[in-house]
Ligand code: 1HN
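Next up is one chain by itself, shown in structure tokens, the form predicted on its own.
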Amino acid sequence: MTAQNPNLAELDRRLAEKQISGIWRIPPGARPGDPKTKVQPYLWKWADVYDGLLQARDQIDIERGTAERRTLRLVNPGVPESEMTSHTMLFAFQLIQPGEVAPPHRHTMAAIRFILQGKGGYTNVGGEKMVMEDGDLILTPQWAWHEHAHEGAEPMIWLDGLDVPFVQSLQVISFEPYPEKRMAVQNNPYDSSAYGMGRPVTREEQKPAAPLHYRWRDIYPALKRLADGEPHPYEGYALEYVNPLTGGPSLPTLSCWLQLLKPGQRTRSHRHTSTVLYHAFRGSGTTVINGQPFHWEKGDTFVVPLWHWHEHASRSASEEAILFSMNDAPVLKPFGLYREQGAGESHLGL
């Protein structure tokens, strides 16, 4: 249009000099009918991650001011410049050696820890010491002081999940080292994970905060009980970790799930505007994403980008499969931007 109208071209030039642009400059077809993303479906193999962690263990010393964490990030090939797993979330794997302390700090990014192996490690969040066991989920809310330490005899490995790219896109990242070398552990009688849906009645200043520690020994039996009933058509048997004080997601920007697939079970295909990062905690299976199969084993990790059709299937005839996942639906739902659609269904807004 501009090339055929010299007067309009001159207007565009004068506006550009004043850092103004007419909306007519948006090319036809530039605004898609469906959501689009640069994030690509991808699967990271546990053997590669584990080998990288072992090599880093022998070469990286944890200390303040240099490498404060021995962590490997999963980089999506669709957004390599960001070195993130998606446009809103990051998955990474962390290893800590016996006797080590990952220095305390805080940041505006929220974080989760899903424990994979080892004994004797713990995370201290705001003075609450949470001993790590396989399958536990530990939360680090935004701007909470935290450190990791290891009092055991074998390496600890866990999965880190953070909302780094989302917070980065809002340009509100802040990071602060703890003013002392170590954080004290408070003598707090109220374990934030101990009371389930109850809460001790105390004086206001003594009330425990929202749960930070969801134990495998509690969540797995609940998942098994759920598996005695009818499965969700798209998710199999799934539990969402919730904040019992609000009924909302575990963290304001991140929702964590645990899903079980019985031997040979297969879900139906659906899609949604949230992105999901999956980690295979047990078993083996196949997830088909926009027609492309991704075969996963225990320890593998994969991403389902937003608005991509996907379905899960267990590949074992005798063993259950369990997927831990993290999604960004909590940042979409308050703005009415979350939609989902099952095969053969119209768009559904939740």
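Each residue number is its position in the shown sequence, starting from 1. Note that this is a predicted model, so its numbers are computed, not measured.
We do not show the form predicted together with this ligand, though everything after this point is about it.
- Residue contact with this ligand in the predicted bound form: residue 272 places no heavy atom within 4.5 Å of it.
- Contact annotation for residue 69: at least one heavy atom lies within 4.5 Å of this ligand in the predicted bound form.
- The shortest heavy atom separation between residue 235 and this ligand in the predicted bound form exceeds 4.5 Å.
- This ligand in the predicted bound form comes within 4.5 Å of a heavy atom belonging to residue 94.
- Figure note: of the listed segments 259 to 267, 158 to 166, 219 to 227, 235 to 243, the one touching this ligand in the predicted bound form, with heavy atoms no more than 4.5 Å away, is 158 to 166.
- Checked against this ligand in the predicted bound form, the residues 183, 109, 75, 130 give one hit for a heavy atom within 4.5 Å, which is 109.
- Looking at 135 to 156, the residues that come within 4.5 Å of this ligand in the predicted bound form, counting any heavy atom, are 146, 148.
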